[in-house]
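Starting off, we have a lone chain in the form predicted on its own, written out as structure tokens.
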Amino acid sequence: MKKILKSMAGMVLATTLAVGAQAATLKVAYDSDPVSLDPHEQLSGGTLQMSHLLFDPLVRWDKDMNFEPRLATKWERKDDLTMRFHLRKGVKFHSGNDFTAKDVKWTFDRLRSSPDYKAIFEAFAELKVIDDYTIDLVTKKPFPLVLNNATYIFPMDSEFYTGDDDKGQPKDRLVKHAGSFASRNASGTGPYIVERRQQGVRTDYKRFADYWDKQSPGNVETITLTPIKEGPTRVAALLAGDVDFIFPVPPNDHNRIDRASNSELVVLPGTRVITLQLNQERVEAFKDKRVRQAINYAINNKGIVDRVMRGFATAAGQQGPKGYAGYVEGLKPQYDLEKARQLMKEAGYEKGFSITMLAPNNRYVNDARIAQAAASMLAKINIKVDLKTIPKAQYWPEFDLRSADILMIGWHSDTEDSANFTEYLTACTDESTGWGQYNSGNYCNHKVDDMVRSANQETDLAKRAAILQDVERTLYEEAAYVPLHWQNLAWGAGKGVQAESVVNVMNFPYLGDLVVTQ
């Protein structure tokens, strides 16, 4: 049975079912697993899914996109620059250490040093500790997204991460793909601890006996996460009863799950945009706006949605989907092959050129097939593509190196706001602020950056939306990147797994609250 979620009704049902529920085991199969246990090493969906298992944020989004208290119990604005948070008392870390304001301060300072996360916190001046259970978040200028950004503060156990490891390296060392102490060990306040982990093979989680949230309906005692890269294999494992919960479900397998008596398909509209970035530092032709426009005209977004995604996506012409502040109704996909050929001729590239393209093959729904379709479409304007697709674990280090002429990147706004797309994907790269951290196309327009900064200081929501809409129009006209589609979400759940109560549009399932009935 397919369930399309639009409300909190499923959560109410799950809470009712939790009464008298027995402790359960959950076997999970995702297309990949996090590259690290360090919540600050990489800003990715996999990392954030893990963070909601091992750590807790100050606040989190509920299904209706409202803010729900977690390690912060309440908050109030003190002045235009200051938001005060009151912290939950009596919370223990996995190590047994007490959670206090010093851990939030330590985590905040570490986040601001993270290449991946610093852009989210660029608007902040400081975090002030008022007492053991009170903090102030202070911004440099009036900032409308303080609570949005607070969903990314998952306090770490500062005492646990203090000192040197057995290699003589600082335990709090923050480095990518280097096997640091924090990438191999975790102490958070979350509902689960890691019992065993072999990255890329299996991770075993056990419920934390001293977890603070005694009101949680969750009854899952142990979770085993096994990455299964191939979609049909993942689906077959669910239907055979070998696993209980899977993501993603490829569009061409939806009916298999929907027809089965022992499983359920749970779907949500998605807000993650899938894009291609055109590296202007590697390819001279990409500096010419006409060539970038030609590529956008050559790629049939709707065709990819219809044929590759089986309709389970929405063709995109801009970064943020409908409902986001910057969305512009008139910015549609631009497919027009004759217009693309005309622009290539005007730019002096009628005979085309050769490029490399790199994409993951287990990160986004049908990612490799999307890349293959795009490459074949570019051949029609004489751009010859040498395409390589690789697993996610190998892809991100290559992405960080900008090691191909075209790279694929999908993005779900970290703050559920339009500005975040630009800050990470199309802003001029700035290591000091973290802006442009995932801009492998090296597109740079300082006027666009200035508009986003202006929007981030504007508390009048209508004026802010108008600024962000101008940003989208500029990026569209300049063909700063190639928007493909917004990816919808589909999970498969075995019998008795009340998945509809814990999934959300961010794709951070709150498995600590999951109810499984026998």
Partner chain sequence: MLLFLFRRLVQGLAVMFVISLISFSIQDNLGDPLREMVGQSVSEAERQALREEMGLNDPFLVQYGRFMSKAVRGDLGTSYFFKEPALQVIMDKLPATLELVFGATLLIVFISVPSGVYCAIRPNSWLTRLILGVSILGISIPVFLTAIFCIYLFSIELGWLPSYGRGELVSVFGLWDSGFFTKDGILHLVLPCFALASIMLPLFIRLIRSEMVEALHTEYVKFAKAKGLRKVRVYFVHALKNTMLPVLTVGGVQIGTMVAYTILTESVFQWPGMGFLFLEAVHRVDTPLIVAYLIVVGGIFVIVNTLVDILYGLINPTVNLARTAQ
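For clarity, every value in this text was computed on a predicted model and none was experimentally measured. Positions refer to the first chain, counted from 1.
Form predicted together with the partner chain: not shown, discussed below.
**Student:** Could you check which residue among Arg307, His177, His86, Lys140 gets a heavy atom within 4.5 Å of the partner chain in the model of the complex?
**Tutor:** Flagged contact: His177.
**Student:** To verify the annotation, which of these, His254, Arg282, Lys118, His94, has a non-hydrogen atom within 4.5 Å of the partner chain in the model of the complex?
**Tutor:** Only one listed residue qualifies here, and that residue is Lys118.
**Student:** Just one of 403 to 411, 348 to 356, 367 to 375, 208 to 216 has residues with a heavy atom within 4.5 Å of the partner chain in the model of the complex, so point it out.
**Tutor:** Only one stretch passes the 4.5 Å heavy-atom test: 403 to 411.
**Student:** Three residues, Val35, Asn362 and Tyr438; all within 4.5 Å of the partner chain in the model of the complex via heavy atoms?
**Tutor:** Spot residues vs the partner chain: full contact, yes.
**Student:** Do Thr226 and the partner chain come within 4.5 Å of each other in the model of the complex, heavy atoms counted?
**Tutor:** Contact with the partner chain, yes.
**Student:** Hey, in the model of the complex, is Ser51 touching the partner chain, heavy atoms inside 4.5 Å?
**Tutor:** So Ser51 does not count as contacting the partner chain.
**Student:** Does Pro170 make contact with the partner chain in the model of the complex, using a 4.5 Å heavy atom cut-off?
**Tutor:** Output for Pro170 is no: heavy atoms all beyond 4.5 Å of the partner chain.
**Student:** Using heavy atoms and a 4.5 Å limit, would one call Ser183 a contact residue for the partner chain in the model of the complex?
**Tutor:** So Ser183 counts as contacting the partner chain.
**Student:** Would you mind checking 456 to 495 for residues with a heavy atom within 4.5 Å of the partner chain in the model of the complex?
**Tutor:** Nothing in this stretch is in contact.
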